[in-house]
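Before any questions on binding or motion, here is one chain by itself as structure tokens, the form predicted on its own.
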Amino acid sequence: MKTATSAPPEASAAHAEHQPEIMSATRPNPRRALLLENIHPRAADRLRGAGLEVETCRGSLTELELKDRLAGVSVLGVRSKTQVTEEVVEAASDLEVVGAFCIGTNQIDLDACLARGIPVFNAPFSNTRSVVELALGQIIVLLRNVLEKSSLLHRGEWRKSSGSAREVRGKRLGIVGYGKIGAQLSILAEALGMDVRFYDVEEKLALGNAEPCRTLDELLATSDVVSVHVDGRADNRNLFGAREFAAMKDDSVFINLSRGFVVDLEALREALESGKLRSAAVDVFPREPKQDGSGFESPLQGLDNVLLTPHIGGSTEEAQENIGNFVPDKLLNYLEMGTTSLAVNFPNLQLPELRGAHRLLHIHRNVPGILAQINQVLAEQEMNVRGQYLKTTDEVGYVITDVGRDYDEGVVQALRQIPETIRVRVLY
């Protein structure tokens, strides 16, 4: 499906400082996509099958490298390590859409993308099961003292005594963050016989026999295992420090599979060395190497009661294949139909398939009167409107109009002239 893209004229002096750079009306033909960080090959196959030229890179790129590589690129795909900053977005004059091939999007400046009319899509469901299975495995390994037994055997010492090894059945699991991952962990942990409690800053529907805690301290004081599954919002930075570890139940287990900046690792080491905590498993870190094979340092290294993994919670073949199918479909649905369903920073619209018509897409700052101006343009051009769709956020409005005859370039130019226009696209 071909597209034409155009930009509004220079902003008035009153709006000039807020006017984002608008992409050129000249589109690469075919479109180009750049996929970084060893994204599953299914993604490249899917995009190539839709007619895009695809360049792949096994590792992440620095800001300077990324700005250079994005020249002429319409579609960018990243995972967790590549930082898509405001400077990167401003420099990417041809960029139309970004895909985060993971759950988190805090590595992407969502506001900068929104200001340029660039939707961002992620994979909110595709690796949930993988993270949950790893959490369950860690709970069992840590409660059974498998790490200690393995370390002793590696040092040549046989110690078969059960010691303080415990079953998971009957133990209380406290889940911090009851989103998609936390809720699924709740169900599977309960199936293993665990008593589940959860804490979330938002009111959530409890699944199975799980019960909410009114405060984080209530959960910490009563849980044998605490597993963290919060999102990347700034409020979660240093959510766990010395005070929170002191509030936890003696001889309990701590697991973090969420974000590296959530935990003060020095405080966690102190809690482990003092015997306050039994053991811990950590999969994410405040600073992570950008490529495999790079050096890694952490305050938790050298502790036999700590299970360290290199951010592999969602890194299973099944999860990456699922993501490699899911995210490209969202990207292509936007490019080919204008659909923004499940976009994380953009008005969400699920659009019908385009048949026998042209589709005009108008992205603008959300101020009163824009829809009326769009319709006035269409009326003046005597366009037959077959369908029209509108969705807004506080910042941006998204209007899609299907028209029933060949559009005239004058329509596009007139739509560009509407004040507060960010981007105009035409699908035909």
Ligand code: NAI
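So that there is no doubt, residue numbering starts at 1 and follows the sequence shown. Being a predicted model, the structure only gives us computed values, none of them experimental.
We do not show the form predicted in complex with this ligand, though everything after this point is about it.
Ser258 is the sole member of Ser186, Ser258, Ser279, Ser223 with a non-hydrogen atom lying within 4.5 angstroms of this ligand in the predicted bound form. For the options His311, His358, Lys249, Arg172, the residue carrying a heavy atom within 4.5 angstroms of this ligand in the predicted bound form is His311. Looking at Glu202, you'd find a heavy atom of it within 4.5 angstroms of this ligand in the predicted bound form. By the criterion of a heavy atom within 4.5 Å, Val131 is counted among the residues contacting this ligand in the predicted bound form.
When this ligand is considered in the predicted bound form, Leu114 lies well away from it, no heavy atom lying within 4.5 Å. At a distance threshold of 4.5 angstroms between non-hydrogen atoms, Tyr334 is out of contact with this ligand in the predicted bound form. Contact with this ligand in the predicted bound form, defined as a heavy atom within 4.5 Å, is made by all three of Gly179, Gly232 and Asn236. Looking at 311 to 319, 70 to 78, 350 to 358, 147 to 155, the stretch with residues near this ligand in the predicted bound form, meaning non-hydrogen atoms within 4.5 angstroms, turns out to be 311 to 319.
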